[in-house]
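Quick heads-up: it's one chain on its own, the form predicted alone, in structure tokens.
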Amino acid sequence: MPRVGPESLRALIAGVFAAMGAPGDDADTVAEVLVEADLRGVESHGSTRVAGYVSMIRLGLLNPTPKVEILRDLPSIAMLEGDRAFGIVVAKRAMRMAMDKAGRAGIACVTVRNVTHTGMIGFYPMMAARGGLIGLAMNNGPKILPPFGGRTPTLATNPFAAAFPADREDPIVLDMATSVVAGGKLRLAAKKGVPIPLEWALDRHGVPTTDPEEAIFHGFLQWAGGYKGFGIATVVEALSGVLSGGLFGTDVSAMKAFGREPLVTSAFYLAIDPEHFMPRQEFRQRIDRLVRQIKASERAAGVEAVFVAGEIEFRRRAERARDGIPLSDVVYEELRTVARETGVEFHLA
């Protein structure tokens, strides 16, 4: 696979979306979040999404020049209406609002409704962690999974993410779908023409399958931890879809073909300022101690290292920032195609 520099990849992606009509700052934000996903090894939410976003704009499913409305703005809460905007752009704005309010009130949350794909959800809690705050983010989406024990698609993969700032250690960052894997991992496997592990999804008959297209178009992903994953997904649905005043459950359209069908999302962002509990530096040092306690665990047989949530991704980010981001041939060609179609110079180095 070709390796490309993050700077040139950001410039290319931002150029494509600016050419599609997005304001320059918004195009830069989308590029920033997508490339950060690629750097951290979350390829399912990185530059592989560019062609789909372009298709959504062309089909009128994504509004590159939205009128984002503040529906409610109080000292510790806010509600945003997204007008089918880039979910990434509104999500970053919402987390920034939550951070600013938490600095004054101690804790604050912002809901968002009626936006499109928000990309790697862990990006937004990491914003808070970089500012010395605790961050949480979650969102619902297209109905593609049935309730545990059911057969009717009702919920999305409903991702949840949290980040905690540390002092000398990297932040603790949990970024997870409530299904075994995010749906984007199946779509990326289908794009590459490679099989998926048997534990990820079921076919139309409810039998585990290695065929990503069978799982996407006819079957289902599986819940992480069975009924427990479904239970967490229900909490995410209530905080994002219900509390935001947006669509939730079976009211949300299904979405099988990414980029060619509506993708409507509602979300919830929370920030906590540890300073209201103890000095921030003391909190960071206590998180350091927790990280070191986890890392000091006696290892089970055959385990080379014990990792803290987010640690593998931070290591991968350092490697890829140094050596370049590996792009699959199919994604590389997709980027070449959208660059040509939008009149943007294709230069990845």
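Throughout, we count residues from 1 along the sequence that is shown. Since this is a predicted model, take the numbers as computed values, not measurements.
Same protein, other form: the form predicted together with another copy of the chain, not shown, and the subject of what follows.
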{"property": "Contact check for Ile77, Ala105 and Gly225 against another copy of the chain in the predicted bound form, heavy atom at 4.5 Å", "result": "yes"}
{"property": "Pro147 within 4.5 Å of another copy of the chain in the predicted bound form, heavy atoms", "result": "yes"}
{"property": "Non-hydrogen atom contact Leu186 with another copy of the chain in the predicted bound form at 4.5 angstroms", "result": "no"}
{"property": "Contact label in the predicted bound form: Ala177 to another copy of the chain, heavy atom within 4.5 Å", "result": "yes"}
{"property": "Close approach of Thr210 to another copy of the chain in the predicted bound form, 4.5 Å, heavy atom", "result": "no"}
{"property": "Segment assignment from 86-94, 186-194, 254-262, 152-160: heavy atom within 4.5 Å of another copy of the chain in the predicted bound form", "result": "152-160"}
{"property": "One residue of Glu214, Asp100, Glu275, Glu169 in contact with another copy of the chain, assessed in the predicted bound form (non-hydrogen atom, 4.5 angstroms)", "result": "Glu275"}
{"property": "Partner-contacting position among Met120, Met126, Cys109, Leu221 - heavy atom within 4.5 Å of another copy of the chain in the predicted bound form", "result": "Cys109"}
{"property": "Those residues of 262-295 which, in the predicted bound form, come within 4.5 Å of another copy of the chain by heavy atom", "result": "Phe268, Leu270, Ile272, Pro274, Glu275, His276, Phe277, Met278, Phe283, Arg286, Ile287, Arg289, Leu290, Gln293, Ile294"}
